[in-house]
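First, one chain by itself: the form predicted on its own, in structure tokens.
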Amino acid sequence: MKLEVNGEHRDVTGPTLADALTELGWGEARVATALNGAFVAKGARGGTDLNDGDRLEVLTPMQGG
């Protein structure tokens, strides 16, 4: 399916957000996720189904202040 990931169009095969993160290389990374503008907690990613055309934002923590 086609997703927009951080503003770039990507193809993924996994049906859930957790599957997509693994496929995109963020499976074990500490990241925050938002799907179509709504925050998705880490514990909910495995039960969050994706649909063609969804917008996924993946944010990594930054050091500093």
Partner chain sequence: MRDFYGVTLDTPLMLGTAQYPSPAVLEAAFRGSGASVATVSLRRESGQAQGFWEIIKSLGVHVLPNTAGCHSAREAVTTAQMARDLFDTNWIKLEVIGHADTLQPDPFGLLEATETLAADGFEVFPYTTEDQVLAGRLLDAGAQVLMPWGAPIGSGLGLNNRYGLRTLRAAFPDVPMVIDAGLGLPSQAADALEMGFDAVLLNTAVAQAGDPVAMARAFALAVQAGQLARAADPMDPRDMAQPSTPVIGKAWL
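Numbering follows the first chain given and starts at 1. The model shown is predicted, which means the values in this text are computed figures rather than measured ones.
There is also a form predicted together with the partner chain; it is not shown, and the following applies to it.
J.: Is L59 close enough to the partner chain in the model of the complex to count, meaning some heavy atom within 4.5 Å?
T.: The answer is yes: L59 has a heavy atom within 4.5 Å of the partner chain.
J.: Quick one: is K42 in contact with the partner chain in the model of the complex, heavy atoms, 4.5 Å cut-off?
T.: Judged by the heavy-atom cut-off of 4.5 Å, K42 is in contact with the partner chain in the model of the complex.
J.: So which residues in 1-20, when you check the partner chain in the model of the complex, have a heavy atom no farther than 4.5 Å from it?
T.: Sequence-ordered list: N6, G7.
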